[in-house]
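Coming up is one lone chain in structure tokens, specifically the form predicted alone.
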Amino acid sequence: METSKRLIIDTDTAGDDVTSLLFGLLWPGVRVEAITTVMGNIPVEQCTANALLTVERAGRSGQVPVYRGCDRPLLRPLVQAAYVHGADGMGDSGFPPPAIQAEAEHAANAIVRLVNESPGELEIVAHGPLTNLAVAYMLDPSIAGKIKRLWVMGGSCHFRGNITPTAEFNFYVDPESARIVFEGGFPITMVGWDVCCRYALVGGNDLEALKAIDTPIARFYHQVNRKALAFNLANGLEGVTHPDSVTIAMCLRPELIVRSGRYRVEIECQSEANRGFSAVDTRPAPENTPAWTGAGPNAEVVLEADYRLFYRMLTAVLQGDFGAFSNN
């Protein structure tokens, strides 16, 4: 099949990050040019091992390079989420180490190189803290204008956080990097925690139907997400959350986006109480207030998504059957 998407996936590989990688690695017509890893859910060494293992499980060993990236935020001590995903980020599954190895080049350098080799052709799906992207931008600010689209799973739009009352985890871990990226001129589509909770939470009969799929990829999916599912059920979310995989699904099938808007998004870095808060300015006329700074929209923010289409896509990945999507 002709390549329709060329992607770099930037990931703090744990739980649903794995599902997102499976979308990219298995979806017809998609070429993952690189996987870049960053600390976040777990230390970057484990994130890298998990990404390599996922490449192996997808049957893509030797075809998709993995680059290890930043092991800490720009300015802050590292905050992690093993309490959600298990110490290994894979549901405390105890998988053997991957047989393949990461590349020697640093992830930020790889991003700069790949974008400059194919200006205007690559889309980046970023579903961890944005440290690698911020460092890449500081190395070469011109990449912001050479990326076809930057899909960011992070923040939330007028919705609660998932690590503090106001902050989503990725932006909380490294708010300075998020601010650099959102102010850098990248063509951003932001998919927030609000979209995940409203349109990418798979539970009830739908989750039971996924459990009935008996393929190696489906069993792998349930294994790596089992700790996060238990965490969710204990904390009021009735199913598996898919923030990262719904983001890449939108990249692959933009019709998944039901409603979005161009808004100014600013990331809070000064207040400890609201560290990492994403202030999405949805006011119809912000310029009519004395506090207006003159800054215009800097991101497309997804507001609504098609859950049924996402669920069909997830089912296709786990079944390994993409026939329903081959002709449209």
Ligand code: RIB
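One-based numbering along the sequence shown. As the structure is a prediction and not an experimental result, all values here were calculated from the model.
Heads up, the form predicted together with alpha-D-ribofuranose isn't pictured, but that's what we're talking about next.
- Message: So alpha-D-ribofuranose isn't shown here. In the predicted bound form, which residue out of 169, 137, 186, 151 has a non-hydrogen atom within 4.5 Å of it?
- Response: After the contact test, the surviving option is 169.
- Message: Is it the case that residue 162, even though its partner is missing from this view, gets within 4.5 Å of alpha-D-ribofuranose in the predicted bound form, heavy atoms only?
- Response: Looking in the predicted bound form, residue contacts with alpha-D-ribofuranose include residue 162, since a heavy atom lies within 4.5 Å.
- Query: So in the predicted bound form, does any heavy atom of residue 278 sit within 4.5 Å of alpha-D-ribofuranose?
  - Reply: No, residue 278 sits far enough from alpha-D-ribofuranose in the predicted bound form that none of its heavy atoms falls within 4.5 Å.
- residue 243: touches alpha-D-ribofuranose in the predicted bound form, heavy atom cutoff 4.5 angstroms: Yes, residue 243 is a contact residue.
- Query: Using heavy atoms and a 4.5 Å limit, would one call residue 182 a contact residue for alpha-D-ribofuranose in the predicted bound form?
  - Reply: Contact check for residue 182: no, nothing within 4.5 Å of alpha-D-ribofuranose in the predicted bound form.
- Query: If contact means any heavy atom within 4.5 Å, which of 115 to 123, 219 to 227, 143 to 151, 243 to 251 contacts alpha-D-ribofuranose in the predicted bound form?
  - Reply: Careful reading of the contacts points to 243 to 251.
- Message: For a quick check, can you give me the residues of 10 to 32 that have a heavy atom within 4.5 Å of alpha-D-ribofuranose in the predicted bound form?
- Response: Counting only heavy atoms within 4.5 Å of alpha-D-ribofuranose in the predicted bound form, the contacting residues of 10 to 32 are 12, 16, 17.
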